[in-house]
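To begin, one chain is listed below as structure tokens, in the form predicted on its own.
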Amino acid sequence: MRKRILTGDRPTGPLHLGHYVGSLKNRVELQKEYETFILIADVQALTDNFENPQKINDNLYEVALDYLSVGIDPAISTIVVQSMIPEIAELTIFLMNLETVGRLETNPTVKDEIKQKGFEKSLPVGFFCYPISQAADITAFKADLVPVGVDQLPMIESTRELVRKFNRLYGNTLIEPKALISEFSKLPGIDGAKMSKSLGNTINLSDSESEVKKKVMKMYTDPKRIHKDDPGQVEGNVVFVYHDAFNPNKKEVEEFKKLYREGKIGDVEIKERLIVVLNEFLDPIRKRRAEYASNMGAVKKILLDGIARGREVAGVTLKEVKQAMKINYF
């Protein structure tokens, strides 16, 4: 059996360039080598959008289009809608018995997101426990590899600990996954802050040429640089971070950095070049997206086929889990 990849995103808005460098690029490149499952994590999205489920409904197909447009091939990769795989929910319940409140409370990713979403005084249990749900996603598909951004590493380690505990108690049943981190696993937002849909500081995979231009021209550069001929700082400069991530002409990027440090090139010039670079990157994505969007019936079939395959694989895992726990009564 080929080794497997499991990864996914929450359908709370369009996917952006941060998603691409964080894990999408790895998914596209490795889908021919690994059996790939990509989860549209609508259940997890509801843990902090429970008052607005329409938001999830509105974005589910948009995220599917984002996957297909970047090059996820439905002939060799399986796109799965999380809520349509009840086996994951059942496995989540079993894994809850192996986790402790203390471990969840000290998970740095959970702590950061609780603070970010203002849940300190009124924390939904579903949100608090979503690391366990994520572990169920990964183990249900017996993923060997999980492409993630660096901020998700604590979640993968939590999954590994749960797998080790389950296998120690019940025998070797679940796969202990490894994380795959991208070269550019953390892309900043256009304002230099953490990239976030809620902050509106993203460049989306579905953005038009004019939207990309508008956002790039807003990008933060060196706040201490007043005049074009002032020496500028490259390190931490958002425009150069994006050039490093997306400009294939590395010699050009290094020349830009040299000139910028010497005060011989302006912010506008390097931004204008970045606009061209990003639009050249996004053009084939826009084209594929338009092709799929013109036939949403085919997109729906891709999702239904993915759900069927997902249930098949997760069902086998759940059967093995129950057998290992000796709760396969009939």
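Note that this is a predicted model, so its numbers are computed, not measured. Numbering starts at 1 and follows the sequence shown.
In what follows, reference is made to the form predicted in complex with a small molecule, a form of this protein that is not presented.
With respect to the small molecule in the model of the complex, the three residues A41, Q44 and I138 uniformly fall within 4.5 angstroms at the level of their nearest heavy atom. In plain terms, the part of the chain that comes close to the small molecule in the model of the complex, with a heavy atom within 4.5 Å, is 129 to 137 out of 249 to 257, 171 to 179, 129 to 137, 199 to 207. Exactly one listed residue, out of Q152, N167, S83, Q233, brings a non-hydrogen atom to within 4.5 Å of the small molecule in the model of the complex: Q152.
Only one of L91, V148, I72, M195 comes within 4.5 Å of the small molecule in the model of the complex through a heavy atom, and that residue is V148. Although the partner is absent here, H16 sits far enough away that none of its heavy atoms falls within 4.5 Å of the small molecule in the model of the complex.
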